[in-house]
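The chain below stands alone and is given in structure tokens; this is the form predicted on its own.
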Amino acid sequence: MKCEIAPSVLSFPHGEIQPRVAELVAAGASLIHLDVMDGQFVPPITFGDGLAASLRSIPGIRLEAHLMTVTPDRHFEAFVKSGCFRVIFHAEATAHSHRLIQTLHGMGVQAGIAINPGTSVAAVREVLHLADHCLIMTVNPGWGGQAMIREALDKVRKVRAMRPDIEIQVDGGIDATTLPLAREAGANLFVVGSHLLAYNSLAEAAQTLNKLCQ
């Protein structure tokens, strides 16, 4: 199972997102994570499918949309059409996770299901066999720059034990110190946001963090 970072664009000024993403992809970080927030599921509002559409022309890019929205299924079609190969919704946002996974598969894309730090793994247990991907939030969603809630790594271990072959992604507080801890717990995909700016360049960040995945 491939281990790689998934840079988030959340920390970039909106006017600089495209060139910065192009730099990351050129440096080998081709999986780009789009944090979509609606101001209801979490307080901030970020961006919509138009951003995904504007990035899809970058050679080699792979886009995934993380929908932190109260009605995620209303946005599935837009993000699929904009070029996302995977769409991730929150278990807390729906009573019908099974149906939403089926809907995404019917659209020809991968289905990811996410849970917040305060949500038990039991919330996804019954649909893990259907999902392609499980995202474990390691901070409370909404803002970048938070420290990892390390207790959340216990959920990674539980999900890995339940479904050894599923893609497990962690999101929040990922840096050069915490990435190896998350990998040891069983994660193979790592969303990196504000930590990208701690390096001399985004290319250096991508190369340094991807080495930790090898």
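Residue indices: 1-based, along the sequence shown. What you see is a predicted model; the values in this text were computed from it and never measured.
Not on display, but discussed next: the form predicted in complex with a small molecule.
Partner contacts here mean any heavy atom within 4.5 Å of the small molecule in the model of the complex, and among 156 to 164, 181 to 189, 30 to 38, 47 to 55 they occur only in 30 to 38. Shown alone here, M137 lies within 4.5 Å of the small molecule in the model of the complex, counting heavy atoms only.
The closest heavy atom approach of E64 to the small molecule in the model of the complex falls outside 4.5 Å. At a distance threshold of 4.5 angstroms between non-hydrogen atoms, P117 is out of contact with the small molecule in the model of the complex. Although the partner is absent from this view, F85 stays clear of the small molecule in the model of the complex, with no non-hydrogen atom inside 4.5 angstroms.
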